[in-house]
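Only one chain comes next, encoded as structure tokens, the form predicted alone.
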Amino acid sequence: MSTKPKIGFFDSGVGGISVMTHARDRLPGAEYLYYADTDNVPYGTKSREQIIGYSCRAAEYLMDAGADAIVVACNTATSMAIEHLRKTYPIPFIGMEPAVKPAIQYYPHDNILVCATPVTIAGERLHNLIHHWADDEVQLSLIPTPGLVTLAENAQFDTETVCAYLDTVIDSSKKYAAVVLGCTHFGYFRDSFRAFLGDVHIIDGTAGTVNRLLHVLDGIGRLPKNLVPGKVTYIRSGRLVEDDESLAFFRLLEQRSRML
């Protein structure tokens, strides 16, 4: 067994890099494998069966590469596939869920906006979360914002472009107290959400997911023993990424994740 734990991450595209970056800051002594399924992005408009198939291919690649645990760094894949993954494969899977619980706890009587992909918005998992934590006084608006996935994949982060898209799908006159970002791609647009909605609390599930990852690694005896940084390996839909242009793009997203 390698002295450094290997942690796998996968997403439909580049959104999960934001989650992996947070994990690397907390656990620099691990090695990281990031699988971007860019051949099939976006997941948020696909069927459940398709998403399970894509997720299984990603998981099998990461396990073959030696992953000790896998973070499903995609709210849509978590919603549709994580139970299947946990039943099918022997290693731990850590999922992402829209952070509606803390949003409701912080703002039980205010307007809360939940942005996610169409599949996540319609999915049973999100509605079970809401049913469990919300009472009749909670004011939630569930808005699918799939265009943000395309903007992130194309590295279109300028505020004017993003706000113009948000204006087509979100009614800013509601004066939301909080925005729950229910897709890992959306974290790259925190500055645009603030520009569009004003003084709003932006909440996502990244910190909670990474906390859960640390707990799982500790439970299987694979927490890093030192702080010497481990390497990061990027994969696109089963193909090792080695070209300078793609690697530079991924590093740009790491930097943006730390800035916002």
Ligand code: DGL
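Here the structure is a predicted model, which is why all the values come from computation and not from measurement. In case it trips you up, residue 1 is the first one in the sequence shown, and so on.
Keep in mind that the form predicted together with the ligand is missing from the display, and what follows is about it.
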**Q.** Candidate from I94, M80, V149, V100 lying within 4.5 Å of the ligand in the predicted complex - any heavy atom
**A.** V149
Q. Do heavy atoms from each of V41, T76 and T184 fall within 4.5 Å of the ligand in the predicted complex?
A. yes
Q. Based on heavy atom distances of at most 4.5 Å to the ligand in the predicted complex, which listed stretch, 21 to 29, 235 to 243, 5 to 13, 248 to 256, is the contact stretch?
A. 5 to 13
